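There is one chain below, alone, in structure tokens, taken in the form predicted alone.
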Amino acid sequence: MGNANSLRKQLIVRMLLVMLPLFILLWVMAHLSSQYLIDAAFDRSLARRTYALADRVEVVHGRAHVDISVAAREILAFDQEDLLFHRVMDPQSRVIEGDPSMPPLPGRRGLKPGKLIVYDGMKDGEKVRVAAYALSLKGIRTKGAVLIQVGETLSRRSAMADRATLAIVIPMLLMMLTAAAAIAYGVGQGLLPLSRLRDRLSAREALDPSPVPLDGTPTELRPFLDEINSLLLRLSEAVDAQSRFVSDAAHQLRTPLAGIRAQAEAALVNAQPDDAQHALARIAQSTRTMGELLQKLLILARVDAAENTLRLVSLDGMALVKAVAREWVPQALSKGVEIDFEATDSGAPLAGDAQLLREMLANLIDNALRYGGTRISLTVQRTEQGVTWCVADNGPGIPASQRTAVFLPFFRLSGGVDGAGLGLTIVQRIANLHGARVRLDAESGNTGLRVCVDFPVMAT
């Protein structure tokens, strides 16, 4: 399977596939060129023989006569490879010399006096080439011209064309084979940086997040290595964040667990009912705190995992806020807190994940109930930049110097209500997944807190 997907093999095969049709085209062109040049040379030789035979035609007693010696006749008929033949016809189309069965002239019209043509024909089932010349003579009794034809078979022409083609193609083939070997070697040398990169990566430790060095790498590999280094950087940051989170979570869980154990041991040692009741109350409080912490940790883990699987769909932001507010009204009333809802428009469409957005809004309302005063206000507003959700309370608020730190995991304001310290961390991470921005402001003057989430305009 690895060999089938070899980049080296694919490059070589593709280059050879490009060279093969070029070689075939060059072969055809070499053959046609050789045939053309050889035909032209043989046609000139055939024409000279025709003119030489025409020089032997004379007028004797008013009639055309051919004076050919025995030696000249042998020259006209002799060739080592081809069959030569000729014919001389008087104006009355009577054969006065040569082979009577000559291929006819092309076309229906006769040959004009003084004109020579060379044409293809068939003789005895074999292709031949014939030169024909019309000779006009004075002193003959009838009008017209003497037709002189000299022909030959094509064996010698074809053999010479084949030899000329091979003389061109064989060196060309050797050059192409040499080029193919050079290409294979060049591809191998060109892929050496990939082999070195593979060796460099395989020699790294499994948990080594350091960037891959770019020294000595070709320009074409730089974007590829840049993406790898960017991935390694994000992976390193994620691993560091996960390590810090696990360390902080272990520390946060260790405190309530230690308290539960201490209270349980105290209740076992002390037999007084009042002391045991007090210890059980502390145990219950610690378990509630630990349960809230575990719940927040699970939510945060689910939010982090959603980064790779998140699918944003079109939602009615106003309807979603109303639904979540209604769910929190009974709990707010039980604590003497009023929840108000205000909307400036009839609709507030946005792109998001309904479950995550409900979780984000629930954390904002929960924080307002824990740390706010007696009133919580929920606002949905459409702007030119998108949609804005705001959750405001009339509590003590957050000092401006700490509004950045409250987004850190497990951060708690001094003197505040005990909590997991993950609420605003979850809010910010969900907002980041939706391309939104979280803002913290004072509600009125320097009191209270307004948390706003600005969602971008939904793409159409």
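Since the structure is predicted, the reported quantities are computational estimates derived from the model, not experimental observations. So that there is no doubt, residue numbering starts at 1 and follows the sequence shown.
Absent from the display: the form predicted in complex with a small molecule. The rest refers to it.
Give me the residue from 375, 322, 358, 370 that has a heavy atom within 4.5 Å of the small molecule in the predicted complex. The residue from 375, 322, 358, 370 that makes the contact is 370.
Only one of 406, 431, 53, 64 gets a heavy atom within 4.5 Å of the small molecule in the predicted complex. Which one? None of the others qualify; the residue that does is 406.
With the partner left out here, if you bring back the small molecule in the predicted complex, are 8, 183 and 188 all within 4.5 Å of it by some heavy atom? No: no residue has a heavy atom within 4.5 Å of the partner.
Tell me which of 393-401, 431-439, 24-32, 43-51 has residues with heavy atoms within 4.5 angstroms of the small molecule in the predicted complex? Heavy atoms within 4.5 Å of the small molecule in the predicted complex occur in 393-401.
Since only the chain is shown here, I'm wondering whether residue 363 would be in contact with the small molecule in the predicted complex (any heavy atom pair within 4.5 Å). Yes, contact at 4.5 Å.
With the cut-off set at 4.5 Å between non-hydrogen atoms, does residue 413 touch the small molecule in the predicted complex? Yes.
Residue contact check: residue 296 to the small molecule in the predicted complex, 4.5 Å heavy atom: Residue 296: yes, in contact with the small molecule in the predicted complex.
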